[in-house]
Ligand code: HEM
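Here we start with a single chain on its own, the form predicted alone, put down as structure tokens.
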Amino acid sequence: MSLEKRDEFDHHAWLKEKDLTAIERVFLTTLVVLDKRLRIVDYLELLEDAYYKINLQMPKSHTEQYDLDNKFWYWYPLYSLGFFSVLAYIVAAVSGALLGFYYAPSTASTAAGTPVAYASIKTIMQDIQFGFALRSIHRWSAQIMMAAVFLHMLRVYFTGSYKEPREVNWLLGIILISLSMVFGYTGYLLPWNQLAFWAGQIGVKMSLSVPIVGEWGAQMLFGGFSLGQPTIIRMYILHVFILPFVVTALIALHVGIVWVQGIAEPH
């Protein structure tokens, strides 16, 4: 309806003619009042149009795409692992951001002789309200994400979903699971306890064992051939400032390709 015709239309007379319940009458009266002032119906129509256009682009399941009576693949739980891993990633990201308010990436010693980084972890666990739960949520969501990503890759491989035309998305998946492992390793070193220290030592030795670029890699990733303040700063920057943005962008691209191509049928 044009703006002029809508202004001339007697909404109150139209409402009186309709056999409406009290709730429906209040809702429609409120909608009329808002529409006269804000043209809200125009925006509702735009949202409705966008909803149907987006719904047409949503990836279809195997049974929806081929109109099969057998709903086995539609409810097959392994086809939800991609969504499950993204959900776990979001939980880990939100809980990790909250932990970042209290964590201090420093190897300097406190008065008690413990590293500042480890002391901040103890403060989170013991002194911050719900800190123990927050760190546990972050840790377990990260581990669940890794398990879900690994099982998701297995499902894609054994159902042949990596084949043409989905090779690019398969390669993106390989990159994402590799970055997820880097995520886990950098997070493992941040508490700066004995486990973190010796995991860092193993990382340095592994870097030095790489031909030609080994020494350069150890200096770049660990700040030298021995662990110290440069190491924890690099792990912190990777874990908090670099990997989240890179992984989030690749996940968005990965999901976008699935959106365009649809969910692969099992070969």
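Start at 1 with the first residue shown and count on from there. Worth saying up front: this structure is predicted, and the values here are computed from it rather than measured.
What comes next is about the form predicted together with protoporphyrin IX containing FE, which does not appear here.
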{"item": "Sole residue of 188, 162, 197, 118 within 4.5 Å of protoporphyrin IX containing FE in the predicted complex, by heavy atom", "value": "162"}
{"item": "Single option in 140, 102, 83, 158 placed near protoporphyrin IX containing FE in the predicted complex, where near means a heavy atom within 4.5 Å", "value": "83"}
{"item": "Interface membership of residue 135, protoporphyrin IX containing FE in the predicted complex, 4.5 Å heavy atom rule", "value": "no"}
{"item": "4.5 Å heavy atom contact, residue 169 to protoporphyrin IX containing FE in the predicted complex", "value": "yes"}
{"item": "Residue 149 within 4.5 Å of protoporphyrin IX containing FE in the predicted complex, heavy atoms", "value": "yes"}
{"item": "Contact flag, residue 177 vs protoporphyrin IX containing FE in the predicted complex, heavy atom cut 4.5 Å", "value": "yes"}
{"item": "Full three-residue contact with protoporphyrin IX containing FE in the predicted complex, heavy atom 4.5 Å, for 91, 234 and 244", "value": "no"}
{"item": "Location of protoporphyrin IX containing FE contact in the predicted complex, chosen stretch of 141 to 149, 123 to 131, 104 to 112, 188 to 196 [non-hydrogen atom, 4.5 Å]", "value": "141 to 149"}
{"item": "In the predicted complex, residues of 242 to 261 near protoporphyrin IX containing FE [heavy atom within 4.5 Å]", "value": "251, 254, 255, 258"}
